[in-house]
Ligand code: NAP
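Only one chain is given next, in structure tokens, and it is the form predicted alone.
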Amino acid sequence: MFREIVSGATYRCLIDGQWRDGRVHPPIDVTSPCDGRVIGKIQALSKEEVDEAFAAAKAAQKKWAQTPVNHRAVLLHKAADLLEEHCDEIARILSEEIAKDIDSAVSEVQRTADFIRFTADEGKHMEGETVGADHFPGFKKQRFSVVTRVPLGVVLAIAPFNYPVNLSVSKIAPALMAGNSVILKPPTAGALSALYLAEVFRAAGLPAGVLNTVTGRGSEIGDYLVTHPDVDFISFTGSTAVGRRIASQAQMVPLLLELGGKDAAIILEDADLQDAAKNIVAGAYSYSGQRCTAVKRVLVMESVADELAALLKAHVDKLKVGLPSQPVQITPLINKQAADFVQELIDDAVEKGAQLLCGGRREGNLIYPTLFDRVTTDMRLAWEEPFGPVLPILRVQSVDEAIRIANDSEYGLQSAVFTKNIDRAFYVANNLEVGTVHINNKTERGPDHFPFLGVKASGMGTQGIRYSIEAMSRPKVVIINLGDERHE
């Protein structure tokens, strides 16, 4: 099924229903995070080729918008079935190119198939309404409005490396159900599996031009994509720095931005420490911490800090480290730059007196799971997002101190609070400046129909299946006048 997208070891781009080679620039190497070997090449498209993709998307969108919603849903279900059918193949490529352990890669593909099906079914319930004029003083029933939802047009979907299949679909599927066409810009690391995903939709029968892919160097086409005159909506997942740049360039184009986080887990004195430790380690170190919703710092009451630190260390010591083909939790980070940055944060914490409980070792891009106690607010690790397997413990004297430190961050994605007292849990939750607060659970995304959002530097807009469909569509109002309804 996937033969068309590969020419030798070079992966093509899907434009107007056809897999095409780039005609101008030499292709870009996709390298393994584990050993640096080239595992494939992707096209480096020119601006002129990007124009072709947008032209195809704009032309195809008009007809796709007229396609009955139930037909769109049937097609998405076919895509989900195909994705599941080829799960092992796509998961293997996903694991190889981003060093995600194979079990997590399989889980990502399966979760994506579920996401597509749920989106297809949810889209069939996106209905309009009628609004009577007589609700407003001075009007009678002769005038009313019919409100429907219509697509925005061409959606530019920019996906990240850490979930190139799932987070591509989190943009593609709602956009399609709303009646939009899509330009997908996958990350360089993660592009191969994302291109296979595009083939799944094409093979399911998606009309030519409704989904197009563009790959290339950000310096060549990045700004050109987000400022293209045919873009009607931008959905971006990635770093806060890039998100800010996109927001400054987009002007009046609506945005959905999922950016960075510094998610805090707050542990009160009465918490179930065993349960808290298990949740925190799972939340902090899954996929080597390369998740925006990873637990990235622990704020614990001094009276229980020693016990929690010991429990956390015991769990971290059990984490398996190795290659993504093995049943492990910790694999090499996505590239040398990422590993270098995490190393900087580790070195800064050590130099400033943090207590290293475990880890601190590095082999190439592989950072061993690292846990620090007695981290203070003058250390970079207290504030900066590592996107790697390192977790700081900050000891606090009161609930309000924990809230203050959590809120002092530039980020506002998620937080967690662990306590048996529901009143205190809601006190903390109500005072945290984040999009989501988890009570007695690790920070995480999902289930995928829950609203998902960040505040401050963590994002803009609300995702979640129904919320994403709404974001990628707008109300269309038709007002009907049956006669003179004004009072004399």
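Numbers follow the displayed sequence, beginning with 1. Keep in mind it's a predicted model, so treat the numbers as computed, not measured.
Form predicted in complex with the named molecule: not shown, discussed below.
Chemist: Considering non-hydrogen atoms and a 4.5 Å limit, which listed residue (G123, G209, G359, P160) is close to the named molecule in the predicted bound form?
Modeler: Of the candidates G123, G209, G359, P160, P160 is the one lying within 4.5 Å of the named molecule in the predicted bound form.
Chemist: Just to confirm, with a 4.5 Å cut-off on non-hydrogen atoms, which of R245, H228, K140, H315 contacts the named molecule in the predicted bound form?
Modeler: Partner contact (heavy atom, 4.5 Å) among the options: R245.
Chemist: For the three residues G218, F236 and L259, verify that every one has a non-hydrogen atom within 4.5 Å of the named molecule in the predicted bound form; reply yes or no.
Modeler: Result yes, every residue of the spot touches the named molecule.
Chemist: Where does the named molecule sit in the predicted bound form: which of 298 to 306, 180 to 188, 70 to 78, 321 to 329, heavy atoms within 4.5 Å?
Modeler: Partner-contacting stretch among the options: 180 to 188.
Chemist: Taking any heavy atom pair closer than or equal to 4.5 Å as contact, tell me whether W64 reaches the named molecule in the predicted bound form.
Modeler: No, no contact at 4.5 Å.
Chemist: Should E385 be counted as a contact of the named molecule in the predicted bound form, where contact means heavy atoms within 4.5 Å?
Modeler: Within the cut-off, so yes.
Chemist: Please run the contact check for G222 against the named molecule in the predicted bound form: heavy atoms, 4.5 angstroms, yes or no?
Modeler: Within the cut-off, so yes.
Chemist: Determine whether any heavy atom of F54 comes within 4.5 Å of a heavy atom of the named molecule in the predicted bound form, and answer yes or no.
Modeler: Looking in the predicted bound form, residue contacts with the named molecule do not include F54, since no heavy atom lies within 4.5 Å.
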